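Given as structure tokens, the chain that follows is alone and in the form predicted on its own.
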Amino acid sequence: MTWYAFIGAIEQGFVYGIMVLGVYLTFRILDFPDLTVDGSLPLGASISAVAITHGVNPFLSLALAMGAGFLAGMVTAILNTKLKILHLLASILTMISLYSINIRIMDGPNVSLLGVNTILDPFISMGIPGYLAAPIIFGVISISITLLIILFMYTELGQTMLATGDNPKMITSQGVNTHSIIILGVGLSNALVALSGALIAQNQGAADVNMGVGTIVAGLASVIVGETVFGSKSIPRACFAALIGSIIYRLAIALALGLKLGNFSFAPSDLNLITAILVVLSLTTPQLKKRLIKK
């Protein structure tokens, strides 16, 4: 792996790590399988790209993207809690709706950001090389969000969210409205995913309606890889495991794509196959380790 490929993998690990933290909230905290993320990531990208091309400050466009992502998550949660649609089906319905909505927002399948200012420009103008500005900024943002999520989880509302995912019947008997907690949690998750999409669009110079394909698979793989490597015995450890899992996942993808065995090498189209292999290895390694220790 070259130096630039390594830096690129770290950069992607941090920026997609924000998405992984969102997936962690629904997958592990709320026990809510949410496929909305495949639509909310390009939703954040499209909102941010269209806002910037219409003269909105790039930093303000991130807040707009998060707001749109929060609303998308709320729709999924309301379909599930209020209209009694199975959570998986509710998220699929929102996801496919967002495909059309994103094209409406962009007035086409994509929007270019070439020649307009992004959040990276002020830092590059300070003398930071372009290839280092993105990983530094994304690292600061993703670590800050991880710390905020940890702090939130130790509040009364955060503890209620944990209890809602662990034992909804028990927390309902305490008089808590679990529907409101689920709507808040799924909305917060998709706000983070949309923020990730907005940052990715500003970094790569374009938003595309298909950029969210496979997001949920990458998110789940990163959560599982992180827990396998780093553990999840406490909330802080589990949150940082999700972020570190994102970095490990992107490094593993970069290593696999650079691997050559004779005339064989992986192509970008093999990304889903590599992801599946990583998840299988992550799920089976702890079991194999236990069996070897017993022997």
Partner chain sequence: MKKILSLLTVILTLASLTMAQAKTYTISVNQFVEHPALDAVLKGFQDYLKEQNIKVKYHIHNAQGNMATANQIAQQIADEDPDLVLAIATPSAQACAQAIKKSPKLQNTPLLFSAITDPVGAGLVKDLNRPGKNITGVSDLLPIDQHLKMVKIFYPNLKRLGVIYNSGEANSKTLVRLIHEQAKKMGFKVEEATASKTSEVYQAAKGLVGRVDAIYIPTDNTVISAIESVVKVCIQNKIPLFAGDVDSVARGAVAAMGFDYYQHGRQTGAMAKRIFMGAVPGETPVETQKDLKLHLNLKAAKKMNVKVPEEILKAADKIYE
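Quick caveat: nothing in here was measured; it's all calculated off a predicted structure. Between two forms, the rigid core is defined as the largest C-alpha subset superposing within 1.5 Å. Numbering follows the first chain given and starts at 1.
There is another form of the same protein, the form predicted together with its partner chain; it is not shown, and what comes next is about it.
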Any chance 81, 167 and 231 all have a heavy atom within 4.5 Å of its partner chain in the predicted complex?
no
Should residue 211 be counted as a contact of its partner chain in the predicted complex, where contact means heavy atoms within 4.5 Å?
yes
At 4.5 Å between heavy atoms, is residue 206 in contact with its partner chain in the predicted complex?
yes
Can you tell me if residue 103 lies within 4.5 angstroms of its partner chain in the predicted complex, counting non-hydrogen atoms only?
yes
With the cut-off set at 4.5 Å between non-hydrogen atoms, does residue 202 touch its partner chain in the predicted complex?
yes
Of 64, 238, 244, 254, which one comes within 4.5 Å of its partner chain in the predicted complex, counting heavy atoms only?
254
Answer with one of 180, 112, 172, 155: the residue that has a non-hydrogen atom within 4.5 Å of its partner chain in the predicted complex.
112
If contact means any heavy atom within 4.5 Å, which of 255-263, 56-64, 23-31, 43-51 contacts its partner chain in the predicted complex?
255-263
Going by heavy atoms, what in 1-26 lies within 4.5 angstroms of its partner chain in the predicted complex?
2, 3, 4, 5, 8, 9, 11, 12, 16
Given a core-based superposition, decide whether the C-alpha of residue 10 shifts by 2 Å or more between this form and the one not shown.
no
